[in-house]
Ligand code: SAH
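Have a look below at one chain only, the form predicted alone, in structure tokens format.
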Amino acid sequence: MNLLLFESNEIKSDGTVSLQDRRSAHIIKILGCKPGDTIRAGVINGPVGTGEILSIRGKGKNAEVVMRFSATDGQPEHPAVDLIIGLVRPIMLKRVLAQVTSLGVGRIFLINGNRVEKSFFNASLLKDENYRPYLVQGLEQAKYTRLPQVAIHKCFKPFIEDFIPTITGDYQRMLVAHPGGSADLKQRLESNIKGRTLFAVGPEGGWVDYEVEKFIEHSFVPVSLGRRVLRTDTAVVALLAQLMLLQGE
């Protein structure tokens, strides 16, 4: 945890925040803080600042940490990358959400596909935003506060034919990752490295030809990561890392 995060509604009228959960345990056991110490803290979807430890009450699991938060930096900008991901197994999705949040994405579209196991959409992880803690973990790692927006689309064809045209104008480029792509990311970007990017990464097993064709019909350009076939959780990290390198971030 490189940045302690809390919700805006956890800040009391006097500017203090009371923590009695894994965050307080981290402050006490991992950071070894005592009253008077300060830590880096931030508000989810809000500013970053410092938290002054005012008191530590109790011991063990019931220990409570009271701190006063002071904002020093403004709200961060929206990341310039959004992701379309063919829905994967819940255990892999947890990793993917944390990793891509750490690297910086603004929106995540979890969609259906021919090789998506339909039962994945019934997973408890997708209900009542149970995936949210994994997004928060990604923010804590990256010392960032802006939480990605997650949208779930259970039907591929309406998503690509009806929804995609409504957001096309938001992006400088739209790319679909596919092993059969004729060029890599560097070749596709050339000197055009600014602006917003929308990546589409397939589920386990990848996109079928029909799905790739539909992406291309709707202005997506195929890109390849090479001859090796990668798992979804590896491919998204590789793509985002390459884009960050090319854009000099």
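Counting begins at 1, following the sequence as shown. Treat the numbers as computed from the prediction; the structure is a model and nothing was measured.
Below, we turn to the form predicted in complex with the named molecule, even though it does not appear here.
S.K.: Spot the stretch among 24-32, 59-67, 43-51, 220-228 with residues whose non-hydrogen atoms come within 4.5 Å of the named molecule in the predicted bound form.
M.R.: It is 220-228 that comes within 4.5 Å of the partner.
S.K.: Flag A235 as yes or no: does it have a non-hydrogen atom within 4.5 angstroms of any non-hydrogen atom of the named molecule in the predicted bound form?
M.R.: A235 belongs to the contact set for the named molecule.
S.K.: Examine L139 and determine whether its closest non-hydrogen atom to the named molecule in the predicted bound form is within 4.5 angstroms.
M.R.: The answer is no: L139 has no heavy atom within 4.5 Å of the named molecule.
S.K.: With a cut-off of 4.5 Å between heavy atoms, is V105 one of the residues that contacts the named molecule in the predicted bound form?
M.R.: Because no heavy atom of V105 falls inside 4.5 Å of the named molecule in the predicted bound form, the answer is no.
S.K.: Does H178 make contact with the named molecule in the predicted bound form, using a 4.5 Å heavy atom cut-off?
M.R.: Looking in the predicted bound form, residue contacts with the named molecule include H178, since a heavy atom lies within 4.5 Å.
S.K.: Taking heavy atoms and a 4.5 Å limit, what residues of 196-227 are near the named molecule in the predicted bound form?
M.R.: The stretch touches the partner through A200, V201, G202, P203, E204, G205, G206, W207, V223, S224, L225, G226.
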